[in-house]
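One chain is shown next in structure tokens, namely the form predicted on its own.
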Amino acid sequence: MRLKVCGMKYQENIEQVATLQPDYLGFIFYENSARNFDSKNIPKVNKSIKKTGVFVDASIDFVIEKINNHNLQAVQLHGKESPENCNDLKHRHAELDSAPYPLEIIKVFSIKDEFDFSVLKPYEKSADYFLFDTKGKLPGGNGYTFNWNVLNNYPSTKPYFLSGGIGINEIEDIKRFAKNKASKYCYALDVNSKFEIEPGLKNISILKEFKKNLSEVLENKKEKAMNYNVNEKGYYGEFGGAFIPEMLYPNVEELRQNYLKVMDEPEFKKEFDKLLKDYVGRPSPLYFAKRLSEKYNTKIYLKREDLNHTGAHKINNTIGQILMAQRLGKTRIIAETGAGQHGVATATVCALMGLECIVYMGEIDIARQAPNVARMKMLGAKVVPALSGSRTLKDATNEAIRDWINNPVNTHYIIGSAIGPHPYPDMVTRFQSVISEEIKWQLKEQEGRENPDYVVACIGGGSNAAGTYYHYLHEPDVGIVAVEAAGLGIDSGESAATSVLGKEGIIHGCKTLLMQTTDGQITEPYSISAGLDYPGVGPMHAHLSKTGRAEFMSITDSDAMEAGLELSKLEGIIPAIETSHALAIFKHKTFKPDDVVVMSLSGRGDKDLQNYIEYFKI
């Protein structure tokens, strides 16, 4: 539940309120209001605070003028604005050169003791949020609350703002409201007149106290709900931790103590964001797959990670980790790879930053992923074959860890999956979370809402899936689907379906679900996909599986290959075989016609072309 402080008027007071870090600051552009904002400029505030213009039946030209003058990210419409008016405003805003992100439109409705919710329906697609205020003589700032129980009959899934007479004395009411079903879609609280010394001048001390009390309410609510993020000890529920040789302790501990601080540095964020934009090519598109959707009678969106530089999601993480390695003074980089995409992404960033790069890869994977091996070598990396065990991803990881033990001082290990000792699963997930961060605003732009009905991703170690799920983990209305490789069949003895075949064990530095024999020996996995034949799964995903938060599905080689060919012919997109596993679920799971299903297209199929050729005898 976010916080919006509305009715800001005075420059110094705006700066003071901004230090409290509300999510939204509201500026009223309505001459009849005592809080009418008529200054030429809004003081500079943190970019995380969304500046919101409040209007009452204003012309689109007037609203656009204020958006331009004050760099507004949202508008709040208090009058009789029609759905068509909202759509026209969005289109006009999209044409502006200064509009890198879609404009958020908040449509206001007034309530007293009852409300006809049918009036909301025409605005479902044109408004991003609804706001419910107390009905009074003038729009906004009346200082009275309406009967919040009316919202128990809220029929929509669109998030809304709760407004009208909320002050410090309403904190107990907010606590009770947070327990009711009416609060499920309450996105933010909007406060105004109850915190004023005079119209437009906010009392900072009372506002600060209210924000503190609100945070406590939300924390109590979170504690009662299941937590799917890592805790301070590095565990997701019972999975995670750091099970490492003593020689590696200094390296892992150095990373644990510093990764969050480094990631929070403004300069780190600036450099990371700039490279994602200018080098990787983000944001990656969210593409509505029209023909695929028609075939399966549901709405399918593909998050096009295959269009990133190097052809997969892996680059998001390697950009972040190479910047981390530099700040920790490391001069030598090692990595493991299965399908080769992580190896290419690591070799790419090492070439970019001028650092030595060694990539470990299973001998079998080297043979079946020859194009990626060539790319790594062209980029200056040394590719070292793993010759033990199954000679695939697991064994490549073993070799990389041995290298790290022998070179602990100057070497950083860029792990490519959401696996390994803490803090790796969390760090990798945070770097990959840009995927779900973009999905939220892209989906809002296309569907009028941030939350899909389902998010879907293929899963081996799980970095692509972790990034796709991250911002939806605690959104109960969003279904999470994880798709594993069943190989030749779950009971065939040639499979990599960890959620079905795995049990608790320790692999590569963490406790997770692991395919193993009764005496604890790791079972060799199999999949036609080099990126999914891993005997374990990241600890976050193990937690999602055990708690039931995610639905795990297992897809065979044959179903995956057919799904990859189908996407190629229906949409003109050749997917990586890893992604093809996720695409195959539509033959096994039925979605409703109005369901919105967002699937991460984790990588492109160039690297797998020979596999496709041999399988289909093209």
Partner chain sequence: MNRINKKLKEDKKLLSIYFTAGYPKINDTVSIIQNLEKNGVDMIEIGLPFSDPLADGPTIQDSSTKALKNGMTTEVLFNQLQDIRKTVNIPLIIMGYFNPMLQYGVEAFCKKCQEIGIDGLIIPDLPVDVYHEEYQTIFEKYGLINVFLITPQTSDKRIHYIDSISNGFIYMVSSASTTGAQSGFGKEQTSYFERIGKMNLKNPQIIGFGISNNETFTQATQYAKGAIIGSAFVKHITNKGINSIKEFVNSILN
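Rigid core (definition): largest C-alpha set, two forms, superposition within 1.5 Å. Note that this is a predicted model, so its numbers are computed, not measured. Positions refer to the first chain, counted from 1.
Although not depicted, the form predicted together with its partner chain is the subject of the following passage.
- When you look in the model of the complex, the only residue of 277, 261, 184, 402 with a non-hydrogen atom within 4.5 Å of its partner chain is 402.
- Exactly one listed residue, out of 410, 149, 156, 406, brings a non-hydrogen atom to within 4.5 Å of its partner chain in the model of the complex: 406.
- Its partner chain in the model of the complex comes within 4.5 Å of a heavy atom belonging to residue 47.
- At a distance threshold of 4.5 angstroms between non-hydrogen atoms, residue 144 is out of contact with its partner chain in the model of the complex.
- Within this chain, residue 247 lines the site of its partner chain in the model of the complex, having a heavy atom no more than 4.5 Å away.
- Although the partner is absent here, residue 78 lies well away from its partner chain in the model of the complex, with no heavy atom inside 4.5 Å.
- Considering its partner chain in the model of the complex, the lone stretch of 341 to 349, 499 to 507, 312 to 320, 126 to 134 in range is 499 to 507 [heavy atom distance within 4.5 Å].
- Taking a 4.5 Å heavy atom cutoff to its partner chain in the model of the complex, the contacting residues in 515 to 529 are 516, 518, 519, 520, 521, 522.
- Once both forms are overlaid on the rigid core, the distance between the two CA positions of residue 390 between this form and the one not shown is 2 angstroms or more.
- After superposition on the rigid core, the Cα of residue 45 moves by 2 Å or more between this form and the one not shown.
- Compared with the form shown here, the C-alpha atoms of residue 438 and residue 44 sit at least 3 Å farther apart in the model of the complex.
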